[in-house]
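Have a look below at one chain only, the form predicted on its own, in structure tokens format.
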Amino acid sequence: MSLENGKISSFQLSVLIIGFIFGASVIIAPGQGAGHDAWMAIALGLTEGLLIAWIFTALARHFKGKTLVEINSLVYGKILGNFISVLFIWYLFHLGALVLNNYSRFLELELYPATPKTLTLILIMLVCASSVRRGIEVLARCSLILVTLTILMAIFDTLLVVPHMDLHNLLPILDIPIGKLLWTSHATAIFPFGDAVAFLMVLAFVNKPEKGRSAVFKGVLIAGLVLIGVAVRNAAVLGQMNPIYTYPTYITAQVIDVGDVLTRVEVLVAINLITMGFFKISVAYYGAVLGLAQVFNLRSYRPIILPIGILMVILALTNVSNTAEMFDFANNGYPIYTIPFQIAIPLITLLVAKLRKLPQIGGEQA
């Protein structure tokens, strides 16, 4: 009996990926290390991110209808395959905890400074646990509404800050050492675009598997273009102060003031930030519980949703001690830490599968 009976369309997959990529990137703005050239770092990172997407979608096409846990068992055998799967599940679990921590800190610093962090984490986790319990199909349907509203809000905010923009703030172009630009672009490729490798636990449930790769590419590309636009907007509005602010997208929305009537729009922006974080946490959370259920041959993943959620909250509370450490890890540690999960595991698994000429159950050559 299948652990997941839901199916999603390729369009829903694209929209869900957009929400997933927006997830933490609207909190920790990608490309910040490049200053006013952040838009260029994002563009270069998007190119590398599409290459990462090509690798893991090639693996998914090779084994249609299989999650990464099932693929690992076929390619490496039960013992080694489960070991590699547990490593990948750890990555998903850790990713969910990191994003959970990011959002709790944002709420603590900008909106609810007097609210205990533990309470914030528990409330966010309960919402995510509820969506995971209902399955990937419900999560995908929610994305159609919430991601659309987020993109419309980004366009609306940009139009309102046009009077505050100064394109001279984007000059001079390439005013950054090439080595730093390349590192920042790689960090951007890994986070947020490379995190889409989590969808190796979701691609098996696309109703038309042959459209899975194009759906992933569309989602990554659209999300990347929106992030480039947001980076240009933030730099044009905030100027030299842009790299200094912890949450530049939120600060940019604070300058909106139309006739002393339309103000405090940043509250709506904060709501959008929270909903996008919900998608990223939920997808990582879903992949972790589904993967564990497959590793241990459980009849359902639902009984372990709450225990895994509690552990995720505990890790979010203890993993990063302060905001400065969070940003340092995101910019310097995470781009190295995730290479085995985002690139090495999918690529090596694909190569081994081709070398062994494994039967492609329900799949075709990539």
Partner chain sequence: MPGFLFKKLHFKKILNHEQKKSAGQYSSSVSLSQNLEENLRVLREALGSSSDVIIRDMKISSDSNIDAAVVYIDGLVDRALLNHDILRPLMFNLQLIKDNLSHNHKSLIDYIKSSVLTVGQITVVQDIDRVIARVLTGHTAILAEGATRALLIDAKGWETRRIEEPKNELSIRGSKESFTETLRTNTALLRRKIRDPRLTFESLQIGERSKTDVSIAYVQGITPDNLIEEIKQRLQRIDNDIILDVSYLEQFIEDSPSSLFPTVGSSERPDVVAARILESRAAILVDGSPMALTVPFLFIEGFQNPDDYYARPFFAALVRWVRLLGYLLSIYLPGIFVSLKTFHPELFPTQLLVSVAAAREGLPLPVVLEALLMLLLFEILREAGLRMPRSLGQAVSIVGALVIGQAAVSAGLVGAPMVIVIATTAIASFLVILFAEPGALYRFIMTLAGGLLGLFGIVLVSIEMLSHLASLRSLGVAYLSPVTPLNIRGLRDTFIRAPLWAMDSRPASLDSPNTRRQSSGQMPRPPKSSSQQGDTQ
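Please read all numbers here as calculations on a predicted model, not as lab measurements. Positions refer to the first chain, counted from 1.
Although it is not shown, the form predicted together with its partner chain is what the next lines describe.
Contact annotation for Ile274: at least one heavy atom lies within 4.5 Å of its partner chain in the model of the complex. Contact annotation: Ala293 falls outside 4.5 Å of its partner chain in the model of the complex, judged by heavy atom distances. Among heavy atoms of Asp157, none comes within 4.5 Å of its partner chain in the model of the complex. At a distance threshold of 4.5 angstroms between non-hydrogen atoms, Thr120 is in contact with its partner chain in the model of the complex. Contact annotation for the candidate site: Leu44, Thr47 and Ser214 all lie away from its partner chain in the model of the complex (no heavy atom within 4.5 Å). Distance criterion of 4.5 Å from any heavy atom to its partner chain in the model of the complex singles out Cys142 from the list Cys142, Ile228, Leu181, Ile84. For the candidate set Leu146, Val75, Leu221, Ile89, a heavy atom within 4.5 Å of its partner chain in the model of the complex is found for exactly one residue, namely Leu146. Just one listed stretch, out of 182-190, 198-206, 105-113, 67-75, contacts its partner chain in the model of the complex at the 4.5 Å heavy atom level, and that stretch is 105-113. Shown here without its partner chain, the chain has Leu123, Ile124, Val127, Ser130, Ser131, Arg134 in 121-135 lying with a heavy atom within 4.5 Å of that partner in the model of the complex.
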